[in-house]
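Shown here is one chain on its own, the form predicted on its own, set out as C-alpha cells.
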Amino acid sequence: MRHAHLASLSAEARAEMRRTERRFLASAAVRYAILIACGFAMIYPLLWLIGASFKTNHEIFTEIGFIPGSPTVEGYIEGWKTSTEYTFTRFFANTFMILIPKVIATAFSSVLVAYGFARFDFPGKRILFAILIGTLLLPNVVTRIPQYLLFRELGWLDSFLPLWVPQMFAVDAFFVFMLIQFLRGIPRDMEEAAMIDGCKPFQVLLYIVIPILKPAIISVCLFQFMWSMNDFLGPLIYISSVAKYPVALALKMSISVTESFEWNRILSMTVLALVPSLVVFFLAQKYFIEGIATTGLKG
C-alpha cells in the first residue's frame, strides 16, 4: 500500500509539473507574440521606407504593402545624380567633413570638463556645475541669434567652422553630465596609486581614466554622430553654398526644386542617409548599451 501511495504521489507530481510547464510555455508564447507584434509595428515605417525606395513613383501611391511588386533601382540611380551640378557624393563628403571633427571635438572636450568636475576641487565648482546643469534646460533656439551674430562678426558664415568650433568647448552639457555620472561610479584607487607612482593628472586621465571611460565615450560619440547626421537647422543657418550642403539639406533641396516630386528618388536617398547611423550603431552597440546602463551607478 505504501509503495502504491508513493507511486500515485509521484504520478500526481509529474502531472502537476507538466501542467506548470504548459502554463509557462503558453505565457511565454503570449508574451513573445505581443513583443513581436509591437516590434513589427515599430519597425514597419522603416521597412516601408526601404521597400518604397525600390518602387516606381506610381506604385508608391497605389500599393499599401512594403514589398515592391516590380523592384527597380531607378530611384537610387537618378536620385544620386540630383537636379544640381553636384551628386550625392559631394553631399555625403560634406556631411562627414562636419561629422568627424565634431564628434572628435565633442568627445575630447567633454571628457576634459567632466574629469575636472568629477575629480578636482576648485573655487566656484558648485556654482559652475549648477550653471552647467541649468544649460540643459535652455532651448537651443534661444542661443541661435547670438551665435549667428558672433559667427558673422568672425567671418565664419558659409563655412563649417560654426559647426565645429563650439564643440571644442564642451557646449553639450548632456554629454558632460553623463560622463560625470559615469566617473562618480569609478573608484579612485587606481588613480591614487598612479599619483603616488608619480603620474601627473593628465597622465592619469590618459592612461587610467579614459580606458575605463571607453563605453561612456563611445556612447557620447554615437549620440553626437546620430544627432549631427540628422541636424538640419544648424547647416541651414550657417551654410549658404550648395557645394557645402550636407545630406540633410540636399534631401530638402531635392524636394524643393522639383515640380512633380519623384518620391522614389527622395526615399532612396533617405535610405542611404540612414545607413551610416545604423552601421555605426550596430558596430558599437555593445559599448553603447554598457555605457548607458552603467551611467549614474555608484561603485
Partner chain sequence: MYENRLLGFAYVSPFVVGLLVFTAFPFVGSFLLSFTDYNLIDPPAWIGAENYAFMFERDRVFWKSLSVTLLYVGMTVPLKLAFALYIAQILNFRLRGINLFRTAYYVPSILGGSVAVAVLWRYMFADYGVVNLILGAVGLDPVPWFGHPGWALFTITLLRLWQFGSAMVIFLAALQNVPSSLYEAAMIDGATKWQAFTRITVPLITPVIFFNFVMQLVQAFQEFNGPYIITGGGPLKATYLLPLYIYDSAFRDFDMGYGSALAWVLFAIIMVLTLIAFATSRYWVFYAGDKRV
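The term rigid core refers to the most C-alpha atoms you can superpose between the two forms while keeping them within 1.5 Å. All values derive from a computational prediction rather than experimental measurement. Positions refer to the first chain, counted from 1.
Absent from the display: the form predicted in complex with its partner chain. The rest refers to it.
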(request) Could you check which residue among 178, 107, 99, 226 gets a heavy atom within 4.5 Å of its partner chain in the model of the complex? (result) 226
(message) If we define contact as a non-hydrogen atom of the residue within 4.5 angstroms of the partner, is residue 56 a contact of its partner chain in the model of the complex?
(response) no
(message) At 4.5 Å between heavy atoms, is residue 36 in contact with its partner chain in the model of the complex?
(response) yes
(request) Check whether residue 92 has any heavy atom within 4.5 Å of a heavy atom of its partner chain in the model of the complex, and answer yes or no. (result) no
(request) Would you please decide whether residue 13 lies within 4.5 angstroms of its partner chain in the model of the complex, comparing each non-hydrogen atom pair? (result) no
(request) Check each residue of 193-215 against its partner chain in the model of the complex and list those with a heavy atom within 4.5 Å, in sequence order. (result) 195, 201, 202, 204, 205
(message) I want to check residue 242: does it shift between the shown form and the other one by 2 Å or more at the Cα, with the core superposed?
(response) no
